[in-house]
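Only one chain comes next, encoded as structure tokens, the form predicted alone.
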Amino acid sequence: MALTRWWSRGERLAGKPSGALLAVEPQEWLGVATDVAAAGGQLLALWATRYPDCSPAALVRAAYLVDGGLLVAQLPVADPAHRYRGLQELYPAAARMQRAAADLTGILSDAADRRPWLRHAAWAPDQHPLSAPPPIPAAPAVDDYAFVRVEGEGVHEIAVGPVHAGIIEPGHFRFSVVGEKVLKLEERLGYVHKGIERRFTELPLLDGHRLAARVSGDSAVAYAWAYCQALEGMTGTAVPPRALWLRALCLELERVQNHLGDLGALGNDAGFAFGLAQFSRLKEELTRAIGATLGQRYLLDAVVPGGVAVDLQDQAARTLAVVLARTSSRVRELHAIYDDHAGVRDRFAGAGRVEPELAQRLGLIGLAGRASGQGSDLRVDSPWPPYHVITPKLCMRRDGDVAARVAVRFDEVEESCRLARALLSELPGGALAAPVPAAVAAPLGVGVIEGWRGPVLVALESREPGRIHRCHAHDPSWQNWPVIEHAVMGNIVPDFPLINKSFNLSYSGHDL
């Protein structure tokens, strides 16, 4: 009942039929967050926006998933020097979001932890990428970053990264250990500041989807669709049914590609090279089929404003359906092999466990959340077209260890293959795209799409015709990276690569 008053006060949120935009006063900001938490809701994203020569000078927004809808609370900040109430006590993941917002805009929360998260001495502390004028790159320097120290007899530190072997992106992991047992892990990410959120402000409104698709390349379809969903809501664009079906097909193919790659890599991390070989072959077969039928091996440019840029002919659809059926059958066989292999079972079972109660408290979402008993999937909870027709099944486990996250991946591969084949068999005719007006009917739009990791959010704002004032792209990894710090406690150091891969979170999604 406490949430009813907030929903009733909110305005319609462009891009989300079940969404509301709620303007709050400073004394209400924490009350909304408290009521959402009491109702079992989740903090999906938090970001800040500055408005030069305007009143208020800035806005801080928090997006919540609650009661099957999206509630966006918006707090005016008259003076950026005045700190707003931090949400980290209710939502631990908010701590890093607030630090990132401070780095990008200079708007501070009242949280005690104000260490830089994205800056890494790349610009002066009193300058900010989303302020005007843009910051001047600072001379190379090393931040005096105060890692949390763990002291005691026999405790020592192992520093890993930020530079890693191969092509993995940079991230620093500082382990406090006794022997090989991990007492504490502290992460530091955001080393490659790509300037994505600044770059959005330099692009035309109708071109931003291309950059959105490259925020985290393994989730290109999810990001591009979320961007276009926000834009189409702002402009009142009705996407043709065929385009929606093709978007969903691309999204499910993206999910299968990533899960196949991860299942092979997890087998390899457990010393089972056969698994890596088999899943690599299956992923390559599917990827080649996607390239042959949809024009790109990885669908970075498939989703465009108003619809899609690719079509699927009848013969190509039949070919893709055959490959999906074969993939599903072989994955079932490999699932049985993984389950029957004593060495694989021994490495997976019990490693990196996140109990359901801890997962709920920390806000674990997406695939990793579903492996720890958090039954949330937007395709199921708040289905948008065409998911309201093809009815996805929720894939969930409760054990919360590597084995559970592997099991969810196996289940989701089969389910996504089924969904993709259903989409192919029911693909409607008609146009591939609708024209998108240059003028916007609402200055703010929000798109949320359930990607393979979890819900991807894009908040899009326009204040001048055809231009982007602010675009915030949020990856579910923001919620889930802090949970790894808890998942590795009590495990041995050599199990960290396996535990980390079982989450497979995005570094790129932090480098905004």
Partner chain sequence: MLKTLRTIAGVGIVSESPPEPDDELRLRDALQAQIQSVLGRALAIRAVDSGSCNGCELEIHALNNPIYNIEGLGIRFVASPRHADLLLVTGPVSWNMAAALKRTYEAMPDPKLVVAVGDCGCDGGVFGRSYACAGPVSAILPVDVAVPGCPPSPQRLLQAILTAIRPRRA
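Numbering follows the first chain given and starts at 1. Fair warning: this is a prediction, and the values are worked out from it, not measured in the lab.
FYI, the form predicted in complex with its partner chain isn't displayed, but the following is about it.
- Out of the listed residues 83, 361, 210, 181, 210 is the one that sits within 4.5 Å of its partner chain in the model of the complex by at least one heavy atom.
- Here is the short version: of 186, 269, 218, 415, the single residue with a heavy atom within 4.5 Å of its partner chain in the model of the complex is 218.
- Three-residue candidate spot 118, 196 and 199; every residue lies within 4.5 angstroms of its partner chain in the model of the complex by at least one non-hydrogen atom.
- By the criterion of a heavy atom within 4.5 Å, residue 129 is counted among the residues contacting its partner chain in the model of the complex.
- A residue is said to contact a partner when one of its heavy atoms sits within 4.5 Å of a partner heavy atom; residue 164 meets this definition for its partner chain in the model of the complex.
- Although the partner is absent from this view, residue 152 stays clear of its partner chain in the model of the complex, with no non-hydrogen atom inside 4.5 angstroms.
- Using a 4.5 angstroms threshold between heavy atoms, residue 251 stays clear of its partner chain in the model of the complex.
- Looking at 222-230, 169-177, 73-81, 321-329, the stretch with residues near its partner chain in the model of the complex, meaning non-hydrogen atoms within 4.5 angstroms, turns out to be 169-177.
- The partner is not shown here, but in the model of the complex the stretch 262-294 reaches within 4.5 angstroms of its partner chain through a heavy atom at 272, 274, 277, 278, 280, 281, 283, 284, 288.
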